[in-house]
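Presented below, as C-alpha cells, is a lone chain in the form predicted alone.
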Amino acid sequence: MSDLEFNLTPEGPPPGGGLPASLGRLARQVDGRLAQLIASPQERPRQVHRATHYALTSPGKRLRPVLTMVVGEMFGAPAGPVLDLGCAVEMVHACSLILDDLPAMDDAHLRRGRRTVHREFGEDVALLAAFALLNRSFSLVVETAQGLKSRRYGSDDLVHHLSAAIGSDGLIGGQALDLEGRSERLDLERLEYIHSHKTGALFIAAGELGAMAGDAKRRDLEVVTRFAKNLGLAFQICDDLLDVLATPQETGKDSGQDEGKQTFVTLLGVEGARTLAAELLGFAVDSLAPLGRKAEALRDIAGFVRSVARQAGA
C-alpha cells in the first residue's frame, strides 16, 4: 500500500512538513489525537496494544485523514467529529500496512524508517494488532456518526462507505489482484484497476466520510468521490516512482520493494508515469469546478502530490 511522506520521503519529518501550512496544521491535529483513541500500551494485552501504538503513531503524512478533515471543513462539519473520522481512516490504513508487510505478502523489513510490526513484535501479534485497529476504526465511526446532526446520512451510511472501501471490491480486492498479478504481465487497464481499489478506495472513503459529516448534498458527494479516486491513483504512481528513484534512507522502506512486480514505472517508464500522474491530478482538479473556490484546500492537496511526482529522484 502507498505510504509517501512529506518532502518526497515516506517517513521521518514532523507531521505536516512539505504540505501547505493549513494542511500541515490538520496533520498535526491527527497526530495529537491518534493515541487518545486506542487503548494504552500499559493495558492488557500489552503486546497487542504496544503493537497498535507502534503502527498507528509512527511518523506519517496523515494525508488520508487530512483529506477527511479538509472535505468536512469545506461542508461545515464540526471539527471534533470529523477529526475522529479521519483518525478512523488512518487506523484502516495502518492495519493495511501491517498486513501488506507480512511474509505472506511483501515480506518487508522496514516501514516508516523502522522495523515492520511483525519484525518487531512477531507475526502473531502483528495480525492481532492489525485486526484490533480495523475493529476500532469501525467502532469509532459509529461513535462519531451518532453525534452528528445529519439530515441525509446516518451511522449506517458512514459504516457502509468505509466497509465498501475495505472489502473485496475495494482495498482487499485490489491487494488480492496485485498478488495474483505478480506472476503475469499486466496491461495499463488492469494495473489501474488494481490500484484504484488497493490505494484509491481508501482515499475515496476518506473524502466521503468528510462530506457525509458535513451533510453534503448527493451531487457534491459525487464530486468528492471523483476527486479522491483520481488523487489516490496519482498518489500510487508517486509511490512507484519513489520505489525506483529514492534510497531506503529517503523512503524509510526496503529498496526495490516492487522489484519483480508490474508497476506504473515498469510499464510506462519514469517520464510516462509522471505524465499519467499529472493527467490524473488534472482530472481531479477539474472535477472540483462545481464546488468553486471553497475547494481550494483540495486543490492544495493535489498540488502537493503533483510536486512529489515532479521531484521524485530529482
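Numbers follow the displayed sequence, beginning with 1. All of these numbers come straight from a predicted model, not from anything done at the bench.
One more form of this protein exists, namely the form predicted together with ligand GRG; it is left out here, but the text below deals with it.
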Practice task
Using a 4.5 Å heavy atom cut-off, state whether R136 contacts ligand GRG in the model of the complex.
Solution key: no
Handout entry: Touches ligand GRG in the model of the complex: H93 (any heavy atom, 4.5 Å)
Key = yes
Exercise for the section: Although ligand GRG is absent from this view, report whether Q175 comes within 4.5 Å of it in the model of the complex, heavy atoms only. Expected result: yes
Exercise for the section: Please run the contact check for L191 against ligand GRG in the model of the complex: heavy atoms, 4.5 angstroms, yes or no? Expected result: no
Fill in the blank from the handout: For ligand GRG in the model of the complex, the stretch among 23 to 31, 284 to 292, 53 to 61, 267 to 275 with residues bearing a heavy atom within 4.5 Å is 53 to 61
Practice task
Just give me the single entry in Q236, N230, T144, T116 that has a non-hydrogen atom within 4.5 angstroms of ligand GRG in the model of the complex.
Solution key: Q236
Handout entry: Contact residue in the model of the complex, from L99, L128, L186, L110 (heavy atom within 4.5 Å of ligand GRG)
Key = L99
Completion exercise
Contact check, 137 to 172 vs ligand GRG in the model of the complex, heavy atom within 4.5 Å, ordered by sequence, gives I166, L171, I172
